[in-house]
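What follows is one chain in structure tokens, specifically the form predicted on its own.
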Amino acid sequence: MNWIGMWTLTKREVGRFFSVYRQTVLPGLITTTLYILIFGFTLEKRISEIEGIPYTLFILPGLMMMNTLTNASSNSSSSMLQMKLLQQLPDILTAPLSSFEISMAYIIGGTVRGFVNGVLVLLLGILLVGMPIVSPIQTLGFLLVVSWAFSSMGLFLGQMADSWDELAMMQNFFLTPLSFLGGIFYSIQMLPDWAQTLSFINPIYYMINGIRFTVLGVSDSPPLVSFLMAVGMTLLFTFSAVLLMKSGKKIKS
């Protein structure tokens, strides 16, 4: 392992989004605040509680998860695609770094961004509405696993995309719809049977229910299933990204 090389590349990836925090951190906090004000405080007059939880509190874990997975995936995907389009990737590929080490640097960078944004939304919920946390350690641990899963997914998407339009299409037609259909603003118990069945094939549904359980102690599905789904996605996309990096397909072209 070239620890110095991997650390240098990781430091660059982390520093890249911290240096432009107005684009990578603040928008998520502002958007979440607007969701709380518009959907939370407004709809709470119509929907007072879901599963015994005040509506504003019920949607906060979902907003936290949406912010986490969006930032984690966009960081690694945009960084990889930018390096490809600017023809800077060959310089990294010729460095004394293995495909595993390069992949880990990009994935860790996205993981840190997703985790930081998730924690900031968590703190925002505590400050704005006094959101309780049933298990802080499990919450942070689950946020970390999900950040890694979607950071590795983002790296894979960035490797596969050949243009910003392709990457935007993957995100807009996959991540965004699945996030909103994953139960952020509702419990699937409120849906008809056929819609509940469709929710079970949505992987982001399990991410949202997992974080909702660690924060509020309620969930529409077994927490263990959510954890296993997060771990499974982490392993799948991490191995996929590393193997694609090693093969050079869609990377060196």
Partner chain sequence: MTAPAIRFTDLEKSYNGTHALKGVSLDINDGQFFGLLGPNGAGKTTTINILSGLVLKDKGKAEVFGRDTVNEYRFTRSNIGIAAQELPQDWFFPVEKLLFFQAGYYGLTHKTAEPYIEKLLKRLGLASKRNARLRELSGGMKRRYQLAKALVHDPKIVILDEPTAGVDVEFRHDMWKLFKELHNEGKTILLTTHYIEEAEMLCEDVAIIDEGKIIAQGKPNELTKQSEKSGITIQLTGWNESIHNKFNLYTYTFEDNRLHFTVKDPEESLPEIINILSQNGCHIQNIKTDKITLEDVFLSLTGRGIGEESGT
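Residue numbers count along the first chain shown, from 1. In this text, all values refer to a predicted model and were calculated from it rather than measured experimentally.
Missing here is the form predicted together with its partner chain; even so, the following discussion is about that form.
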Check each of Val134, Ile126, Ile92, Leu140 and return the one that places a heavy atom within 4.5 angstroms of its partner chain in the model of the complex.
Ile92
Counting any heavy atom within 4.5 Å as contact, can you tell me which stretch out of 107-115, 92-100, 173-181, 151-159 lines its partner chain in the model of the complex?
92-100
Within 4.5 Å of its partner chain in the model of the complex, do we find a heavy atom from each of Pro27, Thr32 and Ala168?
no
Using the partner position in the model of the complex, report whether Met229 sits within 4.5 Å of its partner chain, counting heavy atoms only.
no
Examine Leu235 and determine whether its closest non-hydrogen atom to its partner chain in the model of the complex is within 4.5 angstroms.
no
Please determine whether Leu9 contacts its partner chain in the model of the complex, using a 4.5 Å cut-off between heavy atoms.
yes
Please run the contact check for Val20 against its partner chain in the model of the complex: heavy atoms, 4.5 angstroms, yes or no?
yes
What residues of 76-91, in sequence order, lie within 4.5 Å of its partner chain in the model of the complex by heavy atom?
Gln82, Leu86, Gln87, Gln88, Pro90, Asp91
